[in-house]
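Presented below, as structure tokens, is a lone chain in the form predicted alone.
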Amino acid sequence: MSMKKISKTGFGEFITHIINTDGNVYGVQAKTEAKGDRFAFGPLTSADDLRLDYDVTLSPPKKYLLPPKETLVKYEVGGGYESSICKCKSILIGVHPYDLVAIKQMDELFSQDEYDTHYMTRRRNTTIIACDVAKASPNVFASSMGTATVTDGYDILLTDIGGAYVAHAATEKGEALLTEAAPSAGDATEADIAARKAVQDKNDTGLNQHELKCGPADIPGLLEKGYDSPVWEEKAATCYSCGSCNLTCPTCYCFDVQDDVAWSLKEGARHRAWDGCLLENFANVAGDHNFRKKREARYRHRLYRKGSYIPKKLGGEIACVGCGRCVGACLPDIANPVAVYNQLLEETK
């Protein structure tokens, strides 16, 4: 696949062409607040609104593949039913490498066992234009997790090399889009590619505000030894059970399924909505039994889910990509996985 160079002026034309041609285009935009700019994915209507110099978005782009709430099926009580599957095409612009890793994990998990048609249909119909990180966020630790840069998982990857972008088309879909929307883009030179590599080399070590003092591959072993560690009760003592760490995490995909029957009792719909293992009622079952009633049990489960349970389904890959969103979202400052893993490491010495 090709490696093109797009000038900053040409880049605006590239994005404008995409907006004018494709109906569902979502990109990173700024939300100016008293403390400065915050960033979020949203519908993109102007190339001028797109911000690829952002540090981290408030919520991950997974919401376009696994919506916070979606209808799974509509039915008539005692009658027929019809699956509700979104087949609309969309383009995401500005996805960071660590979020790409999270999306790849969900791709694998939702295609395992019971194939999730709803998620996988959206995924097939989504084009991802990613970008290398241009500014480290206050809590990122992607370098520690090996997710600061990627070589696949995107259709196009953009790297800001100063006066221009290097655009790498990694799929046929990306190649076609780049050719159509940026016809004047020339081939990247060796100097351009070297500049791109310099950006990525810097990110491989520099996106590390919280340094993990072991390798990601060591985490399952730490957790295996640390089930009875005092760290769980210590951290959970101030936990609000608000679930913010779950709901801002790009690798959390738990959901609750509920039926909504119309007042007429003749029809209804089945929905699923995001859920989180830190929420008090997450583990409630029939008979009002809660098998993780204590906060420390729920807190521990979150870390084991990311560092032990999911890796067994992903060939050892840790379900934490180091975006740092959970750290920033947690009011009592107890959500940082690195702090827990480092403490478990100290306890084993």
Partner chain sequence: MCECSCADKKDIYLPALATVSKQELLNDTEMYLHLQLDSGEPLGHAAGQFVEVSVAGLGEAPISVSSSPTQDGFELVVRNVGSVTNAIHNLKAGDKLGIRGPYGSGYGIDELKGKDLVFICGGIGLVPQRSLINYVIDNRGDFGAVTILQGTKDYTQRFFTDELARWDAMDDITMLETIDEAHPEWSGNVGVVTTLIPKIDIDLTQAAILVCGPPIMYKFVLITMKEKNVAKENIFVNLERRMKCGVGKCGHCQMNGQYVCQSGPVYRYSDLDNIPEAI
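Bear in mind the structure is a predicted one, so any value in this text is a computation, not a measurement. Residue numbers count along the first chain shown, from 1.
Separately, the form predicted together with the partner chain exists; it is not shown, and the next lines address it.
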| field | Any non-hydrogen atom of F110 within 4.5 angstroms of the partner chain in the predicted bound form | value | yes
Just checking whether T121 would be counted as a contact of the partner chain in the predicted bound form - the rule being heavy atoms within 4.5 angstroms. yes
> Could you tell me if D116 has a non-hydrogen atom within 4.5 Å of the partner chain in the predicted bound form?
Replying inline: yes
Check: Is H301 close enough to the partner chain in the predicted bound form to count, meaning some heavy atom within 4.5 Å?
Finding: yes
None of R196, R272, K235, H168 but one has a heavy atom within 4.5 Å of the partner chain in the predicted bound form; the exception is R272
The partner chain in the predicted bound form has a heavy atom of only one listed residue within 4.5 Å, and of K173, K225, K202, K104 that residue is K173
Each of D48, L58 and A329 within 4.5 Å of the partner chain in the predicted bound form, by any heavy atom, yes or no?
no
Counting only non-hydrogen atoms, the one stretch of 238-246, 211-219, 131-139, 80-88 within 4.5 angstroms of the partner chain in the predicted bound form is 80-88
Near the partner chain in the predicted bound form, with a heavy atom at 4.5 Å or closer, the residues from 236-264 are Y253, C254, F255, D256, V257, D259, V261
